[in-house]
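Okay, here we've got a single chain as structure tokens, the form predicted on its own, with questions on binding and movement later.
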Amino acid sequence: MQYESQNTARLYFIGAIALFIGQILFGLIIGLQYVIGDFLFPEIPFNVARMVHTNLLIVWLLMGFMGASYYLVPEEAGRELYSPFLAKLMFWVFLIAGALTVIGYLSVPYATLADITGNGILPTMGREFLEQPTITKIGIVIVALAFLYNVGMTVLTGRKTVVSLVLLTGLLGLALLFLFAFYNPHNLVHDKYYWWWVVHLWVEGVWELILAAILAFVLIKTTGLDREVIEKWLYVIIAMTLITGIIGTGHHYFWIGVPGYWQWWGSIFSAMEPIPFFIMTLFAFNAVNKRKREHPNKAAVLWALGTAVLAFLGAGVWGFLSTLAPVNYYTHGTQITASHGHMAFYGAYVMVVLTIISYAVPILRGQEAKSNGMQVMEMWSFWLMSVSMVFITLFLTGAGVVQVYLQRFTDTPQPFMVVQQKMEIFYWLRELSGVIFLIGAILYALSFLPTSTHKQQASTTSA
């Protein structure tokens, strides 16, 4: 059954895809700045472009999670969204706040931005990934509280399912952990210790619950499997996620001045973090292999399977490559870290948002799936983005190996910039792969353009 308030998700999906393409464009800019140092300088310095690239990633993924929630929660709860008006209002607040923040990054020096946005009153700025002005962070909290109230009231006053409760748990954790973005102690060790409570416990903790819930919802709908089967897998995944992810925070504590026991705890538990991702891969393929129906939206099923595989490779395998303390001693902060980050974010979170958009948008238009031609275009986008991301990861890994050996492991370490020049071929190959990735993202967006079939169905529905 479809609910009218599910259409609220459409706004969030459109906003997410637009910001996604913006994020890729800024990624290409900083990729070129690695090899052409004065590209777009001084208009867009490297530090500003990188800040916009990473901040857009966070904002569009959050927007995607919100859209996914507004789509699946009414269906899971068996009732309309508690307040569609509040959902639409918060979308515009979030979008405008994000746009003004990016304009601020690009138009004034960061120190000036801090002065004019109240950072002197409540200092929160200047930390990687949490560069947002204090006023923007307050706006994010307001949006998050309104969002949680809306989703929470829908769940609590409707039917309660494992999928919606796991999703709500992840969303609550996301909101609570973001509050540590406001804690900015003078002691650098304390700062880094609690900074990871946002950065790590988001992406290797509560976000994984959101990922699992969205993926489970799509697989239930596309395979026709009994909920009980999906829910058993979900219980195992979230248990392993929380056990390994929370204590696995220790793999960020190796070299920041905390007690040495974190090297053991961080190594052991973070080495177990690939387990929930491997279980998720088994879960997705088991669900599709045992499906009770052939869903016409083959593109959404492809995205769902791709999410499981590339999340395991990026977050699991590439995460494990440098997670043990004796290895991390040489690899931390190198391009090996960047290779893990790119594939992990793409596999685990970018792809699951693209999965739910692929599944939901045709239904919001009154179809089970797009036309065959548009689905073919979308599947081309899947392969272009996924294969190019694999190559981006491989090229960054190659660059990281060169960097680790010449700069850290050898008995005669070479200067940083000398090593960077020897890695240049990998950066050019990464840039080429990024262009192909952008083409894939544009094809994905174009595959949702209304066709004559959509228009005809819309007119029929209105009639």
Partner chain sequence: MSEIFTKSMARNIYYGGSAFFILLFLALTFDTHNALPDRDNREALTSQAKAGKDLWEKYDCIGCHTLLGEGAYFAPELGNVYERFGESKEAFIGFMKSRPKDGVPGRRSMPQFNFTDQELDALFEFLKYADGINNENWPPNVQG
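Predicted, not measured: the structure shown is a model, and the values here were computed from it. Positions refer to the first chain, counted from 1.
Below, we refer to the form predicted together with the partner chain, which is not included among the displayed structures.
247 is the sole member of 86, 247, 100, 135 with a non-hydrogen atom lying within 4.5 angstroms of the partner chain in the predicted complex.
Among the residues 78, 224, 126, 366, the one placing a heavy atom within 4.5 Å of the partner chain in the predicted complex is 126. Picking from 372-380, 264-272, 149-157, 313-321 the stretch near the partner chain in the predicted complex, with a 4.5 Å limit on heavy atoms, gives 264-272. Not displayed here, the partner chain is kept clear of residue 425 by more than 4.5 Å at the level of heavy atoms in the predicted complex. Remark: residue 294 does not count among the residues lining the partner chain in the predicted complex, judged by a heavy atom distance of 4.5 Å or less. Taking the partner from the other structure, the partner chain in the predicted complex has no heavy atom within 4.5 Å of any heavy atom of residue 92. The partner chain in the predicted complex comes within 4.5 Å of no heavy atom belonging to residue 386. In the predicted complex, the residues of 108-137 lying within 4.5 Å of the partner chain by at least one heavy atom are, in order, 110, 111, 114, 115, 125, 126, 127, 128, 131.
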